[in-house]
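Form predicted on its own, single chain, as structure tokens, below.
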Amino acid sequence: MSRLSVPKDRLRVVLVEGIAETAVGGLAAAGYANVERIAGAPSGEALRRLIKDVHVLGIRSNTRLTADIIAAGERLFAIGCFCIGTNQVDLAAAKLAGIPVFNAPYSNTRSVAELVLGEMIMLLRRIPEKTRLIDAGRWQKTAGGAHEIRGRTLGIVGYGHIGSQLSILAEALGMHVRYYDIVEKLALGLARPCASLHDLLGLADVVSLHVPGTPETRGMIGAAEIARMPPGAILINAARGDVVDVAALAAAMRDGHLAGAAVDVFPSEPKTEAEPFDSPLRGLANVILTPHVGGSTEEAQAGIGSEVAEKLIKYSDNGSTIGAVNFVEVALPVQRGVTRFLHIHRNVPGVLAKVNDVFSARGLNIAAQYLRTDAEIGYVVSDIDAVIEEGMGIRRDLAAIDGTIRVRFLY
């Protein structure tokens, strides 16, 4: 379907779920003046009505963009997830609608690493347990089972941006760091890799999980893996809720095999504050449960606002899709003195030739052209060395090419 060109100050941008002011500031500085902020997470018919005439939509983790909701976005051409995860979006449906989805995979790295570090110290000192006792009026002043973090071995599963930063912080406090990753990673500081997850679990006093949510990581820490951990060890999950068998973890806490646990993500999480939360981990001694707040600091949210807004601006302004999680990635230069057309289509033979025929039939020269494809879609950007006048019918003819998903005219 064709989309008429709209001046950027008239493009409707909607940001829901209290997205940081830095996003609004970045968009305004780039000339996007029609920005609306909504505090809550709209759903159902309200979301369907809202999205109908929105060009760019920004969400966080509680707004669910299903295929039918995305189809209701008649003008929607970009989605920004102002968070790390994108599970709340039907990425395949967005892709087939010609809508790239952007997120912020790195801006909350420090916040998550700091939370995990704090939890390790608290659990090793058995502070959560002591806090519950003193809240109940019991004064248990004892050093039994309480340890310094210095000299302990931290096992990091997933040595990416968060895992590696945690490695540096933990080592600075005197911990020995071992890590395991399915991809070979350069060790930072004195950290050393483990050959297998099995090896890491057998030697770590504290195991911290920092893996993505994939079919391979689902259920990777179950009863057998927990049993492999040394008696008195601690398990921390700030990765994804389905990585750990929480029932097995609760059993290991109740029988005393593990000394502590901290969990920030759960297999099933409430969609709103009004919905109750339940877990077999509730009420256990020396356990820290937090409501998916690993990246919820003002600093992280400010960084996320800036990062995602910048990606949305680059795509809207010049068609660059770097950082899109569901789309072919194209880095495009800013051109002067040309007219740029974006053509998104199903990846079938002959589309590029037909696109070029539209220009050549009018005697127009292509100054530059960029094409990327995957198994399902193709994305071609054409810079035309001419001023395009109204009535030439270029967008109409591009949209009429068999297989066309979306056409945009930028400048």
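All residue numbers refer to positions in the sequence shown, first residue = 1. Worth saying up front: this structure is predicted, and the values here are computed from it rather than measured.
The form predicted in complex with a small molecule is left out here; the points below concern that form.
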property: Proximity of Leu188 to the small molecule in the predicted complex, heavy atoms at 4.5 Å; result: no
property: Proximity of Lys271 to the small molecule in the predicted complex, heavy atoms at 4.5 Å; result: no
property: Interface membership of Phe277, the small molecule in the predicted complex, 4.5 Å heavy atom rule; result: no
property: Contact flag, Phe77 vs the small molecule in the predicted complex, heavy atom cut 4.5 Å; result: no
property: Partner-facing stretch of 334 to 342, 277 to 285, 126 to 134, 160 to 168, counted where any non-hydrogen atom is within 4.5 angstroms of the small molecule in the predicted complex; result: 160 to 168
property: In the predicted complex, the one of Asp181, Asp90, Asp205, Glu225 near the small molecule [non-hydrogen atom within 4.5 angstroms]; result: Asp181
property: Among the candidates Lys314, Arg240, Lys95, His176, the residue which, in the predicted complex, approaches the small molecule to within 4.5 Å (heavy atoms); result: Arg240
